[in-house]
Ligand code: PMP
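Read the single chain below, which is given as structure tokens and is the form predicted alone.
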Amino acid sequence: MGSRHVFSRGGGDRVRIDHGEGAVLVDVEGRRYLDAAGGAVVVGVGHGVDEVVQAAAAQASRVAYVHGSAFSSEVLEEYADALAPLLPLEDPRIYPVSGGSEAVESALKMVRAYHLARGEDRDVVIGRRGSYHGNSRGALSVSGRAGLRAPYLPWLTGAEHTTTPYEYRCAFPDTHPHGCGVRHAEALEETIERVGPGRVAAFVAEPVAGAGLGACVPPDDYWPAVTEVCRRHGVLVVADEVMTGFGRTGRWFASEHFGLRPDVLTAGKGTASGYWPLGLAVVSGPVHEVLARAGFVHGFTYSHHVVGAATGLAVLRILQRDGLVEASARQGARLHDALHRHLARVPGIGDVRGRGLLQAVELVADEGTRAPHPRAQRLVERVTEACREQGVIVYPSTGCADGTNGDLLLLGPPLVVSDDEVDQIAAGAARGIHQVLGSAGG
């Protein structure tokens, strides 16, 4: 039984984890699990990497905290200089915070301040339906997941939502195989014109969808088309790379797959691989020039944290030295193929998709009509538990089909996952899925 004093996330008891190494977690009873979820698609360099721990400890022993508004530090500046050449922005400027939600909140304030500094009172941001950008109020406002937004709707303002490239359930099926991106761009432009072109500050989207829609990869013509619309209307492009950054999709940042050069980028999760709560809000040089000239009223107590910078720098060096971004591309292809192979005879598999080590399996009640299982069946929770019994930890998601119904399993193991572990993840996940869907009669 767990402590009665912990306000836990959700009901029920939790397995108590004792330690981890690489892609493996071990509970207090000694049972081993393959962490096919990387926690919440966070862990990149693997569990139990002493090099990262020692880097954080060494910095903390020198000085653990200085306030970012009064001081800088050598390690913070070294981290920013090491990271900047890898970012898909022109002359990037990096604002470190404590996680993805804070990064998105910072980005939203940056785009508002940017337009005000240029004499334009733009107060609306546009997100996409089904998207997820964080659980703080601003981030949840621009998110498009109905179930997460519903309890807090009276507080969620300043955002509109447009279509999202969800190829398995495409809003424009008549466009395939070509032209889908253009239709999404037209839908975005219609939203901008409806709101009023002089009011829209930014378009916020994940280059590859994360948990909300399960590793949806847009068609090649999507990002060029929507970016052109944004540029024409003076709307800043914000790429949310909180889940997809730092090698997760087989590139340093998922934007690179599409030649996307955003004005603002957010990062988190893999930034420090779970060893420290570190997020980043990054602006291009031209955006920073405007903000610096006018002043940017913003800040968090734990932004620009020296131990966070030391941790992020250690993770960055490991990613580079050990070729883990390339490993993600290679092992992601292996995982994708293995999932297809092991799930070929499993009933109720709607789609297997993803890029790099961000893969998803969508579960459906009818493969022909793509009808989802009713949410009341709590199917994905049962499948997640069955996978855990097989020794594989997966990341569940719901509501992909219509905001309420629609079950997904997301797989995002550490980038250090081995060939054998990839095969075991696919086989174990398939057994867990079949155990539940087979007993449900398909």
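Please read these numbers as outputs of a predicted model, since none were measured by experiment. Each residue number is its position in the shown sequence, starting from 1.
The discussion below concerns the form predicted together with the ligand, not included here.
Interface membership of residue 269, defined by any non-hydrogen atom within 4.5 Å of the ligand in the predicted complex, is confirmed. When contacts are judged by a 4.5 Å heavy atom cut-off, residue 211 counts as touching the ligand in the predicted complex. Heavy atoms of residue 99 reach within 4.5 Å of the ligand in the predicted complex, making it an interface residue.
None of the heavy atoms of residue 248 is located within 4.5 Å of the ligand in the predicted complex. Proximity to the ligand in the predicted complex, taken as heavy atoms within 4.5 Å, picks out 127 to 135 from the listed stretches 292 to 300, 149 to 157, 127 to 135, 308 to 316. Scanning 335, 264, 243, 108 against the ligand in the predicted complex with a 4.5 Å heavy atom cut-off leaves one residue, 243.
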